[in-house]
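Only one chain is included here, represented as structure tokens and corresponding to the form predicted on its own.
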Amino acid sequence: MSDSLISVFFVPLTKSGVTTIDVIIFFVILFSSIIIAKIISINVKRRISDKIPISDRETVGKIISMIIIAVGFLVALPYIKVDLSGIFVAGGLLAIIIGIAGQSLFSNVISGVILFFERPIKIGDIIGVGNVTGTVENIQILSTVIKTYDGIFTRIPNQTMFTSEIENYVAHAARRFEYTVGIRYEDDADAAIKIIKGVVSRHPFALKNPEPTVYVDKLDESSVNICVRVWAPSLVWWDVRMELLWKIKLALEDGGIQIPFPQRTLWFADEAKCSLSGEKSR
């Protein structure tokens, strides 16, 4: 009785020889792939929930689900006697056509995936890519959106992001800036350095470590140039830079040290000597 019942599952249902057990295996594989796709999609979306926007998260989940279900479908098809060779040939030709037509699109997607795992930038970072500098507003599958200092939203394809040098100005907690302050030759350079160091040390956001450096850097045509290098937190470095420059200027003036105007001494040949007032000497 049981043997006859089992044999029913192996009776061909079609001319190609598809049996009941083949149909059952086909649907088991198909439903299993759907369940597996669902589980993996949920886990991937959960893992990247705090890394990319929700819209991109849903897109990634759908792509993963579609790929897994498609693979499961192809694995199940032979059980209902479907010849995959024709499908693979047609699929290969279709893939070539799509690959040529969507080369740029595919390249942007792959670049976006690589950037996602490499993570050279994140939303909120201040970066420079080519001639675009600003804050990262969004990182999407195909492109990255940057808000420039002028308030302009610029969309940069991920392929460009991947092949360009990216300068991340806030990846490090501190950032250094520097000035060149010129003083007159008759002024005391040591006194000027002491004044500048005092101004820098009193600023609350000028870091003590790394230590600021102030030194005579160059004997220029019209001035003795003092180089001032200061470290500040990356998020406020520009404000610190602006505040310190003016305070240094005022402090030097209070100390009797002047920032000279450019000047040049002219020497004339004997036969064409001129006085400073413009009159010819005799």
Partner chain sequence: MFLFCLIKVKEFEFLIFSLVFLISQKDLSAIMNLIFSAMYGIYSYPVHLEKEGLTIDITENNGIYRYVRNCCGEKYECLISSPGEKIHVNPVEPVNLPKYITKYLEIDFERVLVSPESNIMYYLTFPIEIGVFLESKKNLEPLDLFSLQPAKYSLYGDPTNGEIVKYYKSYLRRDLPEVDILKEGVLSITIINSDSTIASVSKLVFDSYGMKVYYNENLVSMVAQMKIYQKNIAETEFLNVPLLVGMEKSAELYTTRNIPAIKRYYLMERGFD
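Keep in mind it's a predicted model, so treat the numbers as computed, not measured. Positions refer to the first chain, counted from 1.
The form predicted together with the partner chain exists for this protein as well; it is not shown, and the discussion that follows is about that form.
Not displayed here, the partner chain is kept clear of K147 by more than 4.5 Å at the level of heavy atoms in the model of the complex. In the model of the complex, the partner chain sits within 4.5 Å of a heavy atom of A174. Proximity of V216 to the partner chain in the model of the complex falls outside the 4.5 Å heavy atom cutoff.
Put simply, F205 is close to the partner chain in the model of the complex: some heavy atom of it is within 4.5 Å.
Look at 216-224, 65-73, 32-40, 234-242: in the model of the complex, residues with non-hydrogen atoms within 4.5 angstroms of the partner chain sit in 234-242. The contact residue chosen from S104, T163, N209, S85 relative to the partner chain in the model of the complex is N209, the criterion being a non-hydrogen atom within 4.5 angstroms. Between the partner chain and the residues I141, I126, V129, V200, the one pair within 4.5 Å by heavy atoms in the model of the complex involves V200. Looking at 155-170, no residue comes within 4.5 Å of the partner chain in the model of the complex, counting any heavy atom.
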